[in-house]
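Here you get one chain, nothing else, as structure tokens; it is the form predicted on its own.
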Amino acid sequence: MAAYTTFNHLVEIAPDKTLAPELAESWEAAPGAKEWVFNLRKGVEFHDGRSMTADDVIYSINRHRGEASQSGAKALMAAVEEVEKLDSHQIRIRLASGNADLPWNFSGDHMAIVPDGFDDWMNPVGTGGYVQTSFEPGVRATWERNPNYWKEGRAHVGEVEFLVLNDPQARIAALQSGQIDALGLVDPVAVEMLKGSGAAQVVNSAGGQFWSYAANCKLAPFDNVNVRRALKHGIDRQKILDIVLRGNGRIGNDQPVAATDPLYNTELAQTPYDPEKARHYLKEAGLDGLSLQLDTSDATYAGSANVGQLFRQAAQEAGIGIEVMRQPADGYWDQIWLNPSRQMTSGVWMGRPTVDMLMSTIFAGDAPWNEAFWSDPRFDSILVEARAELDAAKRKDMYWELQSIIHADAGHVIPVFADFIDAYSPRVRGLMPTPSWYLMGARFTERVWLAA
């Protein structure tokens, strides 16, 4: 949200989840989708008064490329072979392989456009609707409206302040008391209370957010696909949806594409909660039972430990013993998640604009956030092929097969898709459901206004 408040990107995802121009006014692909031309918007100023040109965009893209890059968007930019300046406001991008979804890759918060040579991230300079005025890590950050913002009808309020309130009850109290005007990551338990109180507006958006349990496929016995299948049959998804989400979501099926996505595989059979089936798969793996440690944390989502306990209770019936390790929020992402020594970790994914971005980020063998440490050569091959395929029917068939592979073989247990739930004070106007992320796709600061 800080990125979208401070910066603009080449494109933006509209509230209806279509792709809209932002700093790029238009774009066009050559046949085969290996070469793209982007026409950049003129008359846009950075916060320091400099005019945005092709040099700034090229620099911003190249930050994510190369062996030394540690960017979360590195995998999305891996196919870029060259970014070429055609004139002051036009660039050409050449790819090693075709990518029909390339413009979508520039919508993510990593892909912010900054001035050529910029590297002072404690004092960010962007073209966005607000200029950052302070930043206290883990505490708060503040912005003032950009007086020269190029977008008409956006960035209405004079000042923006983000507060970090890690305790779910403290967040709800802050909203009810009027201390804050907007709240993301609302605990589903609080939804009915907030709706009935009259002190808040609650907005549900059914999108691609899913909760995950990632079994480490590099550690025995999780390197055995039968053990992974046992775990998938050892979880009671309906109970999690009813008790924890209070119905604010949908059942998951161990693959990451939401039912609202046009590429969702409608023919995948739902994996049921079946303790006997889970025991069968354990026997196929040569095991009479299984014991594991599951790391959870409120850093992922409110109630993560409670969901872990429901998983533990259901898995007991299948001969699977789960020790739920509740880890502190501070340091979870840095020290526990993606730690190759951990057996199983909990996570939360907000979805991605395209299926390719989702799979390239989490499931490809070289994905930067491959939390299950899973790799399948056939999966990787089809993923690359699907990325370049321009025939819609063929592409759909490929993504259906990729979902099937993940569903059957990958290290992920995905019990539910959770709605994005936001709450706002009664004076906030301009609200609408936005399925791409919390708080109107993380762009609420430039889209809402306040009643007089």
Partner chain sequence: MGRLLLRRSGTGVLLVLASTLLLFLAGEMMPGDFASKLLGASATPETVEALRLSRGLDASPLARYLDWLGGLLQGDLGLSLTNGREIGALIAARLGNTLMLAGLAAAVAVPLALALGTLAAVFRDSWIDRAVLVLTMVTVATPEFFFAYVAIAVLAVELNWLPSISIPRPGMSPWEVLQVLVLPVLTLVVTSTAHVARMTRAAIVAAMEQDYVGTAMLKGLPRGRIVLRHILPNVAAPVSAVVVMTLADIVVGLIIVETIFAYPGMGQLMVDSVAKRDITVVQACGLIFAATYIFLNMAADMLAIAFNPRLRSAR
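Since the model is a prediction, treat every value here as computed from it, not as a measurement. Residue numbers count along the first chain shown, from 1.
One more form of this protein, predicted together with its partner chain, exists but is not displayed; see below.
- The candidate stretches are 227-235, 203-211, 84-92, 159-167, and the one lying within 4.5 Å of its partner chain in the model of the complex by heavy atoms is 159-167.
- Contact annotation: M122 falls within 4.5 Å of its partner chain in the model of the complex, judged by heavy atom distances.
- Proximity of G365 to its partner chain in the model of the complex falls outside the 4.5 Å heavy atom cutoff.
- Contact check for A155: every heavy atom lies farther than 4.5 Å from its partner chain in the model of the complex.
- Under a 4.5 angstroms non-hydrogen atom cutoff, its partner chain in the model of the complex lacks P340 among its neighbouring residues.
- With the partner omitted from this view, the residue of S69, S26, S51, S404 that lies near its partner chain in the model of the complex is S69 [heavy atom within 4.5 Å].
- Taking a 4.5 Å heavy atom cutoff to its partner chain in the model of the complex, the contact residue among R279, R312, K74, R250 is K74.
- Along 315-349, residues D330, G331, D334, Q335 each place a heavy atom within 4.5 Å of its partner chain in the model of the complex.
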